[in-house]
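Consider the single chain below, provided in structure tokens and representing the form predicted on its own.
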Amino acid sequence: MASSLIVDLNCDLGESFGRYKLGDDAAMMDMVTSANIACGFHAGDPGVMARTVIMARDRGVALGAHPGYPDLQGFGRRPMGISAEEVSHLICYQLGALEAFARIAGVRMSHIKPHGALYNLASQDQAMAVAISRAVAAYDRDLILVGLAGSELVRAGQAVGLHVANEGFPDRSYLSDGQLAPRSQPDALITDPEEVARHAVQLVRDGVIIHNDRVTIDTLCIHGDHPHAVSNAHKIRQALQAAGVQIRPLNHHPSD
């Protein structure tokens, strides 16, 4: 949905819970154009959700739902044996929860991006990708579905008529098939901010090559729980702007 010189910067935010604080949401919110807000299953709670929605509204940042598995202890990064039907219900439940706070704040959700293990599974598992896409389409066809570039989730979203966004990860290493290197691998995370920024520009300019096809990147994810999250965000913005890339939220990209 974007040209190679336009990209969105998104971040997973609102992932604190009770007295447990994760990331610097205020600093990151000043750096990104879209916020993926945890919906209380893998992270977040009602108070955190409400405050994060207002923070996004007040900064003019597009807000979206970031639903995950019901796994607070594992931060939604552990696979769970949940059926496709159950996942579709989890998606709708979490969309409804975040929309309640968005409605109270007088703003609309722009997008949805699954979290963690659910995101990874939907990137490769067609049945799960279809279940998520159909749930989103049934809930609100105006929502943009964000998925790993060239993945099953993106294809399933397109098949049901959703607007989709191909996502790239500047702070992650890739496998030859376009999948992200598992976090268990020693070089899966790119930790040097300069290298992260170079990778961001490369992803926007060159896209991701999957089976000899080039997939354009619409949005770049900056992980808010990364040890150098704020520094990465600064460097990425500077590098993209120096390369002539326009940074816009997904709901301000040209239509397909």
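Predicted model only: the values in this text are computed from it and were never measured. In case it trips you up, residue 1 is the first one in the sequence shown, and so on. Just so we're on the same page, rigid core means the largest C-alpha set that superposes within 1.5 Å between forms.
Below, we turn to the form predicted in complex with a further copy of the same chain, even though it does not appear here.
You can rule out all but one of 33-41, 186-194, 57-65, 212-220: in the model of the complex, only 33-41 has residues with a heavy atom within 4.5 Å of a further copy of the same chain.
In the model of the complex, A27 stays away from a further copy of the same chain, with no heavy atom inside 4.5 Å.
By the criterion of a heavy atom within 4.5 Å, G244 is excluded from the residues contacting a further copy of the same chain in the model of the complex. Proximity of L72 to a further copy of the same chain in the model of the complex falls within the 4.5 Å heavy atom cutoff.
Put simply, V230 is far from a further copy of the same chain in the model of the complex: not one heavy atom of it is within 4.5 Å. Contacts between stretch 83-122 and a further copy of the same chain, counted in the model of the complex as any heavy atom lying within 4.5 Å, involve E86, H89, L90, C92, Y93, G96, A97, E99, A100, F101, R103, I104, listed in sequence order. After superposition on the rigid core, displacement of the C-alpha of P46 between this form and the one not shown stays below 2 Å. In the core-superposed comparison between this form and the one not shown, H199 has its Cα shifted by less than 2 Å.
Taking the rigid core as fixed, one finds a CA shift for P227 of 2 Å or more between this form and the one not shown.
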